[in-house]
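Two versions of one and the same chain are coming, encoded as structure tokens; call them structure 1 and structure 2.
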Structure 1
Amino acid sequence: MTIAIKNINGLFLLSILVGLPTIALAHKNHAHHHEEKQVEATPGAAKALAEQLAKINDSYKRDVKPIFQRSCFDCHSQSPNLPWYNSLPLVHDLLDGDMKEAKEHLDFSNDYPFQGHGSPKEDLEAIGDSVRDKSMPPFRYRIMHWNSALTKEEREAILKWTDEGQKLLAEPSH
């Protein structure tokens, strides 16, 4: 009986999911940057940048990655936990498109700095903006994954990490 109720609720939510238009709230005013940025750096500056990125990554793995694994990895990584309804043809295409676009923006598969279309600093800014305006995870994802919404404490941890990372990257390199 419980399974039948869950399936009925899942089908109801699925009909809502499929009926909703794709919402592109991923990073509002953050532009796509597809061209490579050529920056001349001294060996000391390159080393300092590598140290800054490593420090931000250490903090990410400790404080933020567990949150992202629960709320973000299904779309923003190479290891999604696909739901049962992904096997339905129209839903499969919709989810595949959403996941492909999400990974183009930010791919969390290999820790920080992330793969995507922005610089490490721009990625931190975009993540912070999305957490502040609560556009991530998107509503359409949250209605099907009830435990994915970020708590106040999780939002604070992510914002602390993005703000500290941006400050660290703003420091002049040697």
Structure 2
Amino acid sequence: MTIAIKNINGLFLLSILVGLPTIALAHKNHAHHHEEKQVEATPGAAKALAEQLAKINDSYKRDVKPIFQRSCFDCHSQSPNLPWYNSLPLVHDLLDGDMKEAKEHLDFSNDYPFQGHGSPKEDLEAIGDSVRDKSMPPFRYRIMHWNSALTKEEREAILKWTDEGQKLLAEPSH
């Protein structure tokens, strides 16, 4: 027992030393495990859900991820490539909190389903809302990263994806 706990601590320390990619990997496995757990009672439903999520992830990677990489990843992913202006002291102070907090809400690092506090369906809803009310990316970020604002076409592509995904997840699993 003691040895097992020690090993877990060691592994955790190692993850910190090796850096974020290891932690991201661990999270990925967690997320998948979590999904399976929710529908443990009916293996057929678990399979149907996994297929729906995989389908939503396919269209995410094709239609939405390139947009998110440009406009959202600085804050919502474990990306080690911080923008150059983040090294300017004032900008750093302004955005540092955002970058830490954003991932707790929603982490795009390992594709869909995303990590964060929401369920796969809630995440689609929240993303749709943020695109509709134009609250993301935050204004203070857009003024420094002018290229991050979403165009009309990009907003439409994201909303098409969130709407279709929500519809798919609303279907009864069989």
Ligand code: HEC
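None of these values were measured; they are calculated from a predicted model. What we label the rigid core is the largest C-alpha set whose atoms superpose within 1.5 Å from one form to the other. Residue numbering: structure 1 sequence, from 1.
Which number goes with the form predicted alone? Of the two forms shown, it is structure 1 that corresponds to the form predicted alone, while structure 2 does not.
After a core superposition, would you say residue 101 shifts its C-alpha by at least 2 Å between structure 1 and structure 2? Shift of 2 Å or more: no.
In Å, how large is the C-alpha displacement of residue 92 between structure 1 and structure 2 after the rigid core is aligned? Residue 92 is displaced by 3.2 Å at its C-alpha.
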